[in-house]
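Take a look at this single chain in structure tokens; it is the form predicted on its own.
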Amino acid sequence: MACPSDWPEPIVRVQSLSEKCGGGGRIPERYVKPVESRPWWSDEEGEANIPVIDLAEEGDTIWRVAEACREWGFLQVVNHGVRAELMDAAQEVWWQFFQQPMEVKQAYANSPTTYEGYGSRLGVEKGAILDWSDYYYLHYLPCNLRDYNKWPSLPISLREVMDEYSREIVRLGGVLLKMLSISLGLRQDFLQNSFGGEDVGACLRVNYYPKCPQPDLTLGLSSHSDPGGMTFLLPDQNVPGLQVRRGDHWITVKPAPHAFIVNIGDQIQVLSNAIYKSVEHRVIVNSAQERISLAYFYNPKSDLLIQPAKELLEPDRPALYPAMTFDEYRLFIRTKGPKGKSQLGDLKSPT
């Protein structure tokens, strides 16, 4: 299966649609979700929130991280070593980018081959129902994929800010992988080595969610689990939007100040043989406020085989998934778009 080199239909920027709609009007039918997929709010979620863990605390931090990954698949980390000023600067440069004239942004228009650049849809299915968002996707690692010419040149500080921010996320990814390896009873470098050692993949998707006049009919990002290893999300501090599936309910995440929201991706579910599971999440939109978030994906080297760790297999718990490279695996997402967790179910080994 190969990814097409172009989109099946002309691309429409959601930011432009939002501006045309103004404070009222109807969204195009292409963005109206089926009734069962539309957002809804439950009084039962109350004060529920994903766990917040201080990485600077001594004692049982590793086991608190492990418990959050096992019970939620999500956690928030504070005192993670990334400067608050750098986090704020990273969000600010992308706010400035998305406020540039459309012709400036269009110079970076992407294709489904790599997704790198300025985009407005995921998946190449003709006639698909679309999400209410635009985005910018860029590569940081491996180094041979990093092309600063594909990073926006405006605002002027963007490339410098994002280079430093990227280095910090890669460092933090190593810290969390070490914790998870220890918690699984594996060598502390097991997951890092399974990802390719220093030769990992790291890429960023900046999500821009314009105002939507009918937020009850659509989603900013449809329900999905992340296909990679681990995701570090820098959320909008002022406008909630991320929802995490918890049983039959959707919990709207309440971001802690200058925290990263971290979630397990499908590749760690495979490597841990489902001890740690990726969890479905989605994004709701807002009629009064636009919002922005930065999702950094810390992934295995694309051509390495990923399979359940042999040390975690037992006669009564055989490997649940076949060996597959990350390149082969993520092609599902790039062709089909967000589809809940169906990609993992489709790949399960026969029992």
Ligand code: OGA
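Note that residue numbering follows the sequence shown and begins at 1. Since this is a predicted model, take the numbers as computed values, not measurements.
We do not show the form predicted together with this ligand, though everything after this point is about it.
Scanning Leu221, Val200, Met162, Leu176 against this ligand in the model of the complex with a 4.5 Å heavy atom cut-off leaves one residue, Leu221. Exactly one listed residue, out of Lys277, Arg246, Lys105, Arg205, brings a non-hydrogen atom to within 4.5 Å of this ligand in the model of the complex: Arg205.
Proximity of Asn299 to this ligand in the model of the complex: non-hydrogen atoms within 4.5 Å are absent; the residue sits far from the partner. The closest non-hydrogen atom of Ala295 lies within 4.5 Å of this ligand in the model of the complex. Heavy atoms of Asp226 reach within 4.5 Å of this ligand in the model of the complex, making it an interface residue. Of the heavy atoms in Leu75, none are within 4.5 Å of this ligand in the model of the complex. Contact with this ligand in the model of the complex, judged as any non-hydrogen atom within 4.5 angstroms, is confined among 58-66, 283-291, 28-36, 307-315 to 283-291. Each of Tyr209, Leu233 and Leu242 places at least one heavy atom within 4.5 Å of this ligand in the model of the complex.
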